[in-house]
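What follows is a single chain, given as structure tokens, in the form predicted on its own.
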Amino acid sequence: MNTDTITAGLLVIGDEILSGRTKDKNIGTIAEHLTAIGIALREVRVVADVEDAIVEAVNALRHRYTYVFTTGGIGPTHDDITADAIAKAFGAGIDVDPRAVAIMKPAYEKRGIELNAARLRMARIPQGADLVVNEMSVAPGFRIGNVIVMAGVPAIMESMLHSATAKLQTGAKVRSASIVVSHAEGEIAELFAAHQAEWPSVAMGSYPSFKDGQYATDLVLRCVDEQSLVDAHRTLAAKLTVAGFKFLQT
């Protein structure tokens, strides 16, 4: 089993996210996918369509994590400035890429759509970048260094995500188990903290909820080693039982 930890940062780009006009649907999709393939998402940032802000965030994240994913700002309009900002972050030139045009032109012609100047903006790729396949709407994303640049539209982003991550290094997959108790966090906090101290290799978190007038807390355990996870889960359930806590799910 590969026990190396491969990490990622995510940069969400767009004024529409920060204004609330568009509700982000990509963070959860990306987090779930990366977890499933063995890449640990460590940080998410959201920045406006401002070149300096994008450059600053990309440079910070790409030196901190194995990979950086970006979403948004690679469309055909004037405010789609992500590609230019990424090029600036890497000190690379940028222009219409013949490889992208070769993909886009026949697909657009088949649909009777003109590949005009605005649409050619989506073919502008930083020098030295590889293309990321987009099976949904054709116009590609790209990867330069450890930065993978994807569209913001969820269906298109997901197509690019699967294409890009198929070629990435992955690490140990994190497994999880949970116990749900019909008690508030404050009631189980001391016992749960003590259990965490006994199992430092198993990450533990508590997530409260309130439904139909009843408190509940989901105790989630995560670990790359399955046996440690099983043992930590079993012993936690035993301690909760002895202490008289009621279970909603084990």
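When you see a residue number, it is the position in the sequence shown, counting from 1. Not measured: the values here are computed from a predicted model.
Keep in mind that the form predicted together with another copy of the chain is not shown, yet the notes after this line are about it.
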{"query": "H78, heavy atom within 4.5 angstroms of another copy of the chain in the predicted bound form", "finding": "yes"}
{"query": "Touches another copy of the chain in the predicted bound form: E187 (any heavy atom, 4.5 Å)", "finding": "yes"}
{"query": "4.5 angstroms heavy atom contact with another copy of the chain in the predicted bound form for T66", "finding": "no"}
{"query": "Partner contact for R119 in the predicted bound form: another copy of the chain, 4.5 angstroms, heavy atom", "finding": "yes"}
{"query": "Non-hydrogen atom within 4.5 Å of another copy of the chain in the predicted bound form for each of M157, S228 and F247", "finding": "no"}
{"query": "Of N59, S182, T35, S201, the one that lies within 4.5 Å of another copy of the chain in the predicted bound form (heavy atoms)", "finding": "T35"}
{"query": "In the predicted bound form: members of 188 to 218 within 4.5 Å of another copy of the chain, any heavy atom", "finding": "I188, A189, F192, A193, Q196, M204, G205, S206, Y207, P208, Y215, D218"}
